[in-house]
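Here you get one chain, nothing else, as structure tokens; it is the form predicted alone.
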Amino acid sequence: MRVVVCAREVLDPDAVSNYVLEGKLEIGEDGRSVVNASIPRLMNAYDEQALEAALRLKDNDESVTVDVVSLGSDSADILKHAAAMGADGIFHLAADPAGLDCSAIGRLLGAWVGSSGGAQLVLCGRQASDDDQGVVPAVLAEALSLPLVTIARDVAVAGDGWRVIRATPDGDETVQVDCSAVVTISNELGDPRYPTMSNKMKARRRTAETVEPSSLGLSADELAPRVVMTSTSVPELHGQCEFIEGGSVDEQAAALVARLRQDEAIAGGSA
């Protein structure tokens, strides 16, 4: 049983947020890319949870094989991390994401999955932490002619298919899929496992198998971007802090309530 996990390298969201708060995040001359070289890159957190979901299936069934695929020139570190977590195979699609949109990336991933023998289950993170679009899994499912189940917090084998528990605003929703499928994993799955030092050392010697996009049979038109990002900007953050005066805690509490009522943040009434 083959499970494929699609992983993406992103800038560390916490580091990006810190740079924004400090007013130090820099956008390059192209107006689209972040140029702060000191910001670390890592596996998208949702994709890491998708890998954890695959490894849990492997823990319960030794016949499960977990392959991880990533696209881009800088994916070596995250693929070694995937190997350290327990992935059986690691694969690198040698394409530049900067020249592709979500549609082209989904087609590339779908073509690779199909050409490499298919999969009984394809797992993706629900979205990427840098653009938060969540489009690639849908395009990938369409390319493979497979059903798509989104925002899963649990995936388990059920007969010839899968039982997926979705995390929805109204509570859990259980979905039965009686065939191969693409499933997106959300953070409700729980924390991914931490690689042991022994596995990290072994993973350092692993080399991902590189796949050239030209070998996947996609035309230039199929890979041409339909959506092009023209610019990105850093928001200006303005902090505003006001101290509540008062000689005692009771006086400060009363002053706070009075101010909240004045600003209509809470309803009026007796204190």
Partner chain sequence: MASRDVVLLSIDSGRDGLPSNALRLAAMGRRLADQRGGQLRWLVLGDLPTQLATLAGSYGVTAVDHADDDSLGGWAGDAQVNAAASYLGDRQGALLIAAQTFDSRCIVPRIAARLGCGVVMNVVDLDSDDDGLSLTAAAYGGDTRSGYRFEGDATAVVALGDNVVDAGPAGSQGEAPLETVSLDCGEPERVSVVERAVTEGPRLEDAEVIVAGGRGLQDAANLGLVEELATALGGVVGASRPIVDDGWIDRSQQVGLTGSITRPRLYIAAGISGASQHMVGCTSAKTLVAINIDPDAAVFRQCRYGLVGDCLELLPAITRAIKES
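Positions refer to the first chain, counted from 1. Since this is a predicted model, take the numbers as computed values, not measurements. What we label the rigid core is the largest C-alpha set whose atoms superpose within 1.5 Å from one form to the other.
One more form of this protein should be noted, the form predicted together with its partner chain, which is absent from this view; the next part is about it.
In the predicted bound form, at least one heavy atom of residue 187 sits within 4.5 Å of a heavy atom of its partner chain. Its partner chain is not drawn, but in the predicted bound form it has no heavy atom within 4.5 Å of residue 199. Mapping the unseen interface onto this chain, residue 37 falls outside it, with no heavy atom inside 4.5 Å of its partner chain in the predicted bound form. Proximity of residue 193 to its partner chain in the predicted bound form falls outside the 4.5 Å heavy atom cutoff.
Think of it this way: in the predicted bound form, its partner chain has a heavy atom of just one of 172, 160, 74, 96 within 4.5 Å, and the residue is 172. Partner contact region in the predicted bound form: 163 to 171, out of 75 to 83, 88 to 96, 115 to 123, 163 to 171, criterion any non-hydrogen atom within 4.5 Å of its partner chain. Along 119 to 134, a non-hydrogen atom within 4.5 Å of its partner chain in the predicted bound form is carried by 126, 127, 129, 130, 131, 132, 133, 134, in order along the sequence. Annotation: Cα of residue 257 displaced by at least 2 Å between this form and the one not shown, core superposition.
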